[in-house]
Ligand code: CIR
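Before any questions on binding or motion, here is one chain by itself as structure tokens, the form predicted alone.
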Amino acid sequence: MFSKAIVRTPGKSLINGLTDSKHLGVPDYSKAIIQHQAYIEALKFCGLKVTVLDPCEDYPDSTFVEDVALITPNCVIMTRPGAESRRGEVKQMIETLESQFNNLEFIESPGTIEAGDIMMVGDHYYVGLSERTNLQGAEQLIAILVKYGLSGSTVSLKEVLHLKTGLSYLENNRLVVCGEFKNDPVFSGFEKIEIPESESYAANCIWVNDNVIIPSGFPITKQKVSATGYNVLEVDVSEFKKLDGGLSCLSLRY
């Protein structure tokens, strides 16, 4: 169960964020602020105390706080983003996390890793090898996890930006899966909630204390997740989708 979350209000520089989805248009800053507030309210509805950090205009992608840190029950691991323009975001988060945790660990060069590539399943962490996360970063992360009594393993990605772009763990041995992960033998032991390619964006959803928050506008995903007994909350994140960001990217939950 989670009790807290950290989010960062989008800055006006959001419109200059990294994206492979330029066909969706430039994010509308005013709309993004409204959507971000609705996201915070959804987290609060799920029982979380939410810390809201100020905008960081120097880093357009800094609202995607998940990528810069992995908070485990036993330690906090500060990442080293594969996107060079995002590496300064790590320093912006250290002070906040140091005020709550006394065991910060760090990924070091030449390793790169973004926590959008890390999926927690109990004490085990799946680490996607992507354009943003390399083998050196994954190996450093797994070594730190082992040091703290946890474990990790790597997953090769073929099509998606981050591991959690294409799948999400909803506890109770259930995975939401799409695309390349539907038949991946790595995940053969899970009960899979398969969603169609047409709703692939909704593969990035988040379990929060027996609720599942999904992006709005994906009725098949909503029906399938609801059918497994979860309370489903929908949040519109259209402006963050324009920056290849999903629901999990917008918060650190612990």
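Don't overthink the numbering: it's just position in the shown sequence, from 1. A quick note: this is a predicted structure, and the numbers were derived from the prediction, not measured.
Note that the form predicted in complex with ligand CIR isn't included here; everything after this is about it.
- Out of I144, L175, M93, L161, which one falls within 4.5 Å of ligand CIR in the model of the complex, going by heavy atoms? By the 4.5 Å heavy-atom cutoff, the listed residue in contact is L161.
- Which one, 57 to 65, 29 to 37, 220 to 228, 187 to 195, holds residues whose non-hydrogen atoms are within 4.5 Å of ligand CIR in the model of the complex? So the stretch in question is 57 to 65.
- Task: Examine V232 and determine whether its closest non-hydrogen atom to ligand CIR in the model of the complex is within 4.5 angstroms.
- Result: Because no heavy atom of V232 falls inside 4.5 Å of ligand CIR in the model of the complex, the answer is no.
- Within a 4.5 Å heavy atom cut-off, is G116 in contact with ligand CIR in the model of the complex? Yes.
- Item | 4.5 Å heavy atom contact, C249 and ligand CIR in the model of the complex | So C249 counts as contacting ligand CIR.
- Does ligand CIR get within 4.5 angstroms of any non-hydrogen atom of R86 in the model of the complex? Within the cut-off, so yes.
- Item | Residues of 188 to 202 having any heavy atom within 4.5 Å of ligand CIR in the model of the complex, listed in sequence order | The stretch does not touch the partner at all.
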